[in-house]
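Quick setup: one chain, the form predicted on its own, written in structure tokens, and binding and motion questions come after.
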Amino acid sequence: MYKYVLKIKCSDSKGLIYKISNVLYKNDLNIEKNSEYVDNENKKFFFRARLDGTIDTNKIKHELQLEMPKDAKITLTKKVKKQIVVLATKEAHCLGDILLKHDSGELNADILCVMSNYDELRTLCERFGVTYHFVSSDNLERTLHEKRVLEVLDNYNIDFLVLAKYMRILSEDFVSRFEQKIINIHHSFLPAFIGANPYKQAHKRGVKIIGATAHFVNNNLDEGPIIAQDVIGVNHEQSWRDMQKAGRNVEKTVLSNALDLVFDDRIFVHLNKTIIF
């Protein structure tokens, strides 16, 4: 079973696979699996390998850096569970799915805590023995509310923030503190059906498919790099509540799939899209 994940992103040039393999071979490391991709339009090279062996990570990264183009970004991380905080509001379906997977050992992460701007989900979290923080947003200006949220987050060493139907728009300052570390899930109707009750709006328009999108959060609302998506068909016989129920099931699945990809270090962010191995 592999112990480390090596990821390299750099300008493309001849002989990169040979140079990488040579460094790993000289250090007696076994490549359990590797994947590579070249973006020919932008002349960028992406490489991911699962490694087994005894590793001096600083030494390996230094040797690789000497062989790679100057713009190379190299990460070599040990395969360990990610440390996450989940942010939620009132809807329980995505949070509940994450808690179940965490409880059964299916989630490659430790949930440090759950935080919400409402207190409705406390009992659910307590059933799973997960710490719950209620930070009310009532009558608070966004900057002050985010300040109180950050005061709580400062108590934890966080790899990722997961927005499990967290219905608050985050400020640029907040997002910049967790660049490419905030994962969001939303229905795929945006921007066609925005605001309150998008499923009811979609039902009135007679949509034929509904779906969900998981993405990294950036400073453009719901326009961050996409991690995972899925859709299902619907028809005229379904009420908007039927669509909402079906949509929530898709949201759970898409978010779960996205978290697996992120926590297994399978994603590169390039420009405003993802390369996934």
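This one's a predicted model, so the numbers in the text were calculated from it and none came from an experiment. If you superpose the two forms and keep the largest set of C-alpha atoms that fall within 1.5 Å, you have the rigid core. One rule holds for the numbers: they count along the sequence shown, beginning at 1.
Heads up, the form predicted in complex with another copy of the chain isn't pictured, but that's what we're talking about next.
- Interface membership of residue 248, defined by any non-hydrogen atom within 4.5 Å of another copy of the chain in the predicted complex, is confirmed.
- Not displayed here, another copy of the chain is kept clear of residue 5 by more than 4.5 Å at the level of heavy atoms in the predicted complex.
- In the predicted complex, no heavy atom of residue 11 sits within 4.5 Å of another copy of the chain.
- Among residues of the shown chain, residue 110 is not one whose heavy atoms approach another copy of the chain to within 4.5 Å in the predicted complex.
- Shown without its partner, this chain lists 178, 128, 156, 132 as candidates; in the predicted complex, only 128 has a non-hydrogen atom within 4.5 angstroms of another copy of the chain.
- The putative spot formed by 209, 237 and 275 is fully lined by another copy of the chain in the predicted complex; each residue has a non-hydrogen atom within 4.5 angstroms of it.
- Contact with another copy of the chain in the predicted complex, judged as any non-hydrogen atom within 4.5 angstroms, is confined among 101 to 109, 159 to 167, 71 to 79, 140 to 148 to 101 to 109.
- Looking at 81 to 102, the residues that come within 4.5 Å of another copy of the chain in the predicted complex, counting any heavy atom, are 92, 96, 97, 100, 101.
- The Cα shift for residue 241 between the shown form and the other one, taken after rigid core superposition, is 2 angstroms or larger.
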